[in-house]
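In structure tokens, one chain follows: the form predicted on its own.
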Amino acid sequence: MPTYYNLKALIKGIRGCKTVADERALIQQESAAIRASFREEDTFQRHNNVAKLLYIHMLGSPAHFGQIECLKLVASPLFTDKRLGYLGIMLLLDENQEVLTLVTNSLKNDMNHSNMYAVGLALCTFANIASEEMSRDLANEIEKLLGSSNTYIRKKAALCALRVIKKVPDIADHFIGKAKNLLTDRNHGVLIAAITLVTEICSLEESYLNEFRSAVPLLVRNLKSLVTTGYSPEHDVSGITDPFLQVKILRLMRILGKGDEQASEAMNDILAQVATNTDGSKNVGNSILYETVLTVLDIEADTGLRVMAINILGKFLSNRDNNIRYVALNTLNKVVTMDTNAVQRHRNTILDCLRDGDISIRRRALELSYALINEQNVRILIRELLAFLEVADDEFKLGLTTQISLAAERFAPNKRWHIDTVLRVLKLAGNFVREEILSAFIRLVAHTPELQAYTASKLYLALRSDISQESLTLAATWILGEYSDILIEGGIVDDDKTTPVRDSELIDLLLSCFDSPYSNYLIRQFLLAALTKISARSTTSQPEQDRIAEVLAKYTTSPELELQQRAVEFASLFTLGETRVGVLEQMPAPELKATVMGVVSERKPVGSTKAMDADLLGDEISNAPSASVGSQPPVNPQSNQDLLAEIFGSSSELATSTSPPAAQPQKSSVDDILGLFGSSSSNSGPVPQTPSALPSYPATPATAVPSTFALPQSATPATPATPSVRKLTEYSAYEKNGLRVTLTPQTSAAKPGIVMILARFQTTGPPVTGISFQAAVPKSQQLQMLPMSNPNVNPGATETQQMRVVAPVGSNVRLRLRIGYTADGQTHQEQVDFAGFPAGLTSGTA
């Protein structure tokens, strides 16, 4: 007889063991006693013995000898015996065991049992352990139970049908009719099981998919009732009615609507309703919104709905939850090729993710940033990527340098900007640059004689300040060796000052690289070749030539075979007189080869050839009339604006201050913004195109990036004269609660249609804090804003914010302002319309 009478006593005995050995001994002793009891066919003790055996099985000890006893319990007329027997079968058997064939008959009998709970036990067991053979045998029983009047049985039968079609897909058509009927069920549990079954059937064959497309209106009706129903305590989860069922319906709609315009058309309205009415403040709502987005992007939805879906993902990027941000970035990566303009609106938020503490989010944001680069935003995005390159982990740098260089090669507005970009990459991460990128850069310089002096000058300064970056050293060595005469003749032009370079200084710099701890095998080979080239230039004095010959002679006995061979061959050239000069003259420009992005850079305009600091935001563009539109300075987008619809409601009369560059009318940038309101751009006014030939901006000590908001200055210094200074007029835009806001416009006759506006904030009373200043213009105009100098205004102080309006020449500038602030402990939010500027302002004459 067993030592312990029941399961409770066994558990108490095992817990009382002091050691693992004691526990193991007790289990072995009890297992032996249970075996002996089984042999005695003690029906009274069978229930207790199987219960104890299942507990022993859960502890990891063998219990297979109890399988037949479980079958005997299932055959018992008592429900408690059946329940324990089926539990034992699910735990001790799997679909590969031969004993399973003995279970089939018991399952069939119990599926026809008068007690719904006995039927439920049989269905539950079938759904867990059914093999292919058992599924074929009992498929008819399952199909019959799908039509049961009992919701409890219908739900379990639907899950069993799911098991059947997974095991035997060729009999799935038996369940199509019953599955359609289940979709009309009012019970949520049955509906979830039915939708799961239909989803699985649809994934099997295209013909099954067409069978269920007629059920789309039914799904739409079910989803609508869930969205519009009031509070239902039975199904409520965080204020949302049965989110699990909503997600299931959305997933099935995604499958049915894919590639079918008629089904997609029927879904559009309800999807828009779900996206609009679902509360995204909690995870439950976010899960539904995410499924809605996936459905919209997969079906043949209209453009407005797609834009809404991408805007939802954009809002996810502002969520505090890392998982939600990651999911949004991952999804945007997949859809960026589908609707690039809609994703572009969230560019600032995506770029903010590059500074996220989570490395996986940074990686996804980086991948998405690459996909967003185009001709219009290449300057801004490359600038942001270069800023990220400065602080990026080493694992990102190789991919970053490659992508930046390829984007510059593909979208560079001119060669000058392209060269500046690659130079910056070499300075920041010269140890993480692929050989192909270095070769392409050297080829670009060789094909751009106008910028060879500029490039040589920049590389000379860069190498003199940092010799630790391998690719920078290689590029500088090659360029300085090839074009040393240009550098020595022209000197270094820096900040409009020319600094002469002597041949001895150049040679000293290259020789210092030989002794550097960063010098490797490849760098030394480049250095030998560069020094030999320099020795053959007419700008190199005889003493320096002799010095180079001594260096070569030194390396003729180098233990490094390649260096020794090069040194011997180069040294022998010194005995050939004039022949040496011909052999070592400048190499012809390399043959153009198609790169990953194709041969593009060599066909770009040159850009400014003035030797001045690189402006990666990009105002050093060609003064030639042939300069392309891509060479125009881009507009710096405002980073703290969200959808205008959230600021001013759904007014379609205004255009936001986050509009794309005004200099690109052919890309319909106004339409991009109007997409936020669901309006068409067909009636929007023309946007004046800025002239393509713009002056260059000299760099200032504070920054090498001239402000997009600054009025253009003359490219060449004018003759000293007393300029006529026009007095600028201030216009009061807002004065209330101690806060005074004035607007000062400034125009230039050379740039009609562009109005620079300086907003000044002053307080006439106590300090004003937390100022939020937002503005919008009519849709025929475009507005960009710089951040405010300080959101807190103290008495006696004046804070400023710059704005730039691009408008059709001759039109009036009108602004809608929204001002939020805190004064005297009270929060104020005001909206005002301002049209106080004089007429003719956009003509540059006011």
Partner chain sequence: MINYLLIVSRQGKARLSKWYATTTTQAKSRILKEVTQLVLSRKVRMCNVIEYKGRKVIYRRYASLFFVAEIGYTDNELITLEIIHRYVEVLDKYFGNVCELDIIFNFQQAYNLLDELVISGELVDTSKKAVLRMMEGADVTEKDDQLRSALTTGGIL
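Positions refer to the first chain, counted from 1. Values in this document were obtained by computation on a predicted structure and should not be read as measured data.
What follows is about the form predicted in complex with the partner chain, which we do not show.
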If the criterion is a non-hydrogen atom within 4.5 angstroms, does every one of K180, R186 and V216 touch the partner chain in the predicted complex? no
Within 4.5 Å of the partner chain in the predicted complex, heavy atoms considered, which of I312, L509, L758, L84? L84
Single option in R464, K72, K166, K144 placed near the partner chain in the predicted complex, where near means a heavy atom within 4.5 Å: K166
Since the chain is shown here on its own, which stretch among 342 to 350, 262 to 270, 89 to 97, 485 to 493 would lie within 4.5 Å of the partner chain in the predicted complex, judged by heavy atoms? 89 to 97
Although the partner chain is absent from this view, report whether I819 comes within 4.5 Å of it in the predicted complex, heavy atoms only. no
Does any part of K12 reach within 4.5 Å of the partner chain in the predicted complex? Heavy atoms only, please. yes
Heavy atom to heavy atom, is L162 within 4.5 Å of the partner chain in the predicted complex? yes
Find out whether any non-hydrogen atom of Y117 is located within 4.5 angstroms of the partner chain in the predicted complex, and reply yes or no. yes
Across 763 to 791, which residues bring a heavy atom to within 4.5 Å of the partner chain in the predicted complex? none
